[in-house]
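First, one chain by itself in structure tokens, the form predicted on its own.
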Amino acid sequence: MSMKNKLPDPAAVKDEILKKYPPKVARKRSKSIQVLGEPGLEIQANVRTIPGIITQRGCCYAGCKGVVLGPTRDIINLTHGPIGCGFYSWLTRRNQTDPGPDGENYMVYAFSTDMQDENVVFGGEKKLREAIQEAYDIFHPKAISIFSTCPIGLIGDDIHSVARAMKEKFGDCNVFGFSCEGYKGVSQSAGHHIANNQIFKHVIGLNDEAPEGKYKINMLGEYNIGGDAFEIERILKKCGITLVSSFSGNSSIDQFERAHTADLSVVMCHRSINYVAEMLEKKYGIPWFKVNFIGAKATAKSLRKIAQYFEDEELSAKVEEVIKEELVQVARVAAEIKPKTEGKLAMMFVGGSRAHHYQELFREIGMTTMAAGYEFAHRDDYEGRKVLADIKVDADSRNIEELHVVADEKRYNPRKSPELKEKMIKDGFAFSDYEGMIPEMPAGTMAIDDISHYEMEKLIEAYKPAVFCAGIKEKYCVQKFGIPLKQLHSYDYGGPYAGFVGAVNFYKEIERMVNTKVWKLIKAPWADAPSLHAELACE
């Protein structure tokens, strides 16, 4: 990198970080902190967080209820457990939705069985049945989903038998459960997998009525934070592409039920939803590939790949027309912003694919991402799906049900014949692909999995980035260093940042943040003049 003479040696920074740890901890963390540049790099990921380290991670329940099912507007998502768990996962990510013609939107409610001590001692299945009945009587929803929290797994409540009984009783309401106790797996990634499995088992394939449209796709792994899905839907509609279902931003259960009628699945957040993409292909013959609608260039590339897949000149021409029209404003704003941001450093440690995708936006305004990492990634999220064959299944992964999926006897329909698909691959078209984050990062930068609070502080001290991207747990700690933090889990009330309009919004927001002087003016009163002095009595 051209900046290597101006910045600390990343290898030395890594050594400095590891010096603080006990030898055994240092050896383990060393595998998860990698300086990029050498071929054949392997990063340790999806392993348990070391006890005592302050981690960014969430739990299995957070991944299942909070991430994947949280954005669904017309499913009543009922937490079976203490009220704290239900409150924690209630609208914490700023998922937005359009209630649609029926006006149903249950996202604004926090549904919980509010487990008390007596329920933990004597069992909570009776209380769960009562809560399901009450929700049905008040709202008459199309579906009710149940999410187990830690106490439920410990006391052995059978939420699935309760769900089956209540579904049979109602007749017109789909009731299903998720055994997503917080302690399962090593992070919220386990919850994503469990959510994918149960949605596939209990919802997908229930409605064979496909929406009208010549080019029908599923959008997987887009959660409509700050209105991102609205912007992506606007672009797709402008191109003449029909969105059959979205998992799960701005979504409804009707969309989930008919997802198998699409002709293509495109995946935004690989880690949270790749299981559904693969199962849709195995059972119904729907191919999938990775896309990125974060960044103007990435958005244009993704639209072109979708058009290429459908092999339709009319669609390709329309896509090029839309791209040309949308890039006018993007280029104008980027030209204004880039002189004020070029050469500055960014760091980002967030979930999903955001630590990867948002590097595209920073590159477009001349900024370099010095260090990045995920909260709950697996190795393929860093190194690409080519390493899947080398990943050994551990005890934590065996804790999650693996569905045996086979081709549907009546509805399996390969959208591309094996011969055509093979020809497209030979011509350079990639299916079921993900290259991962590391290949797109420059040599001399750092990839760190499951970063600790101490490691975060040492990186800030060493590199003094212009902006740090993370979540709410890190926000105020970073700001006390005089560094602005962009909250990429909920966007700090900003957004959208997806698509072409989103790129413009992000350029302006980052320029404002990195060039403001207010953070340099903030100083703790004890920094210059300590107000309290003390000494030990024995002295």
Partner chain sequence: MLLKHTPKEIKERNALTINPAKTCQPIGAMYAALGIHGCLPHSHGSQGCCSYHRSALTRHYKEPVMAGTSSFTEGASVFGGQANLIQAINNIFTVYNPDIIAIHTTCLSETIGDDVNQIVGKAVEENKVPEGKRIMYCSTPSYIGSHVTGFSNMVEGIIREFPVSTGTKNRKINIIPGWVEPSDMREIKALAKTMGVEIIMFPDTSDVMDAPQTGTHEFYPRGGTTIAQLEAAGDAKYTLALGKYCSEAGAIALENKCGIKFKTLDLPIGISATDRFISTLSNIAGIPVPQSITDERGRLVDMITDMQQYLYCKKVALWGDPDQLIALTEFLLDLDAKPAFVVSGTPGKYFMERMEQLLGKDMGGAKVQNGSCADMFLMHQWIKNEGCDLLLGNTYGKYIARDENIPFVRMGFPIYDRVGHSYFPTVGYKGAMYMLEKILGVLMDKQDADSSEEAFELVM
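Positions refer to the first chain, counted from 1. Being a predicted model, the structure only gives us computed values, none of them experimental.
The same protein has a further form, the form predicted together with the partner chain, not shown here; the description that follows concerns it.
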Checklist line | Site test, 84, 115 and 134 vs the partner chain in the predicted complex, non-hydrogen atom cutoff 4.5 Å | finding: yes
Check: If you check 396, 254, 158, 433 against the partner chain in the predicted complex, which one has a heavy atom within 4.5 Å?
Finding: 396
Checklist line | in the predicted complex, the one of 170, 230, 176, 139 near the partner chain [non-hydrogen atom within 4.5 angstroms] | finding: 139
Next item on the list: Choose one stretch from 340 to 348, 84 to 92, 269 to 277, 382 to 390: the one whose residues place a heavy atom within 4.5 angstroms of the partner chain in the predicted complex.
Entry: 84 to 92
Check: Would residue 465 sit within 4.5 Å of the partner chain in the predicted complex, counting heavy atoms only?
Finding: no
Next item on the list: Answer yes if any heavy atom of residue 245 is within 4.5 Å of a heavy atom of the partner chain in the predicted complex; otherwise answer no.
Entry: no
Checklist line | residue 216: touches the partner chain in the predicted complex, heavy atom cutoff 4.5 angstroms | finding: no
Next item on the list: With heavy atoms only and a cut-off of 4.5 Å, decide whether residue 78 touches the partner chain in the predicted complex.
Entry: yes
Check: Quick one: which residues from 35 to 65 get a non-hydrogen atom within 4.5 Å of the partner chain in the predicted complex?
Finding: 48, 49, 50, 51, 52, 53, 54, 55, 56, 57, 58, 59, 61, 62
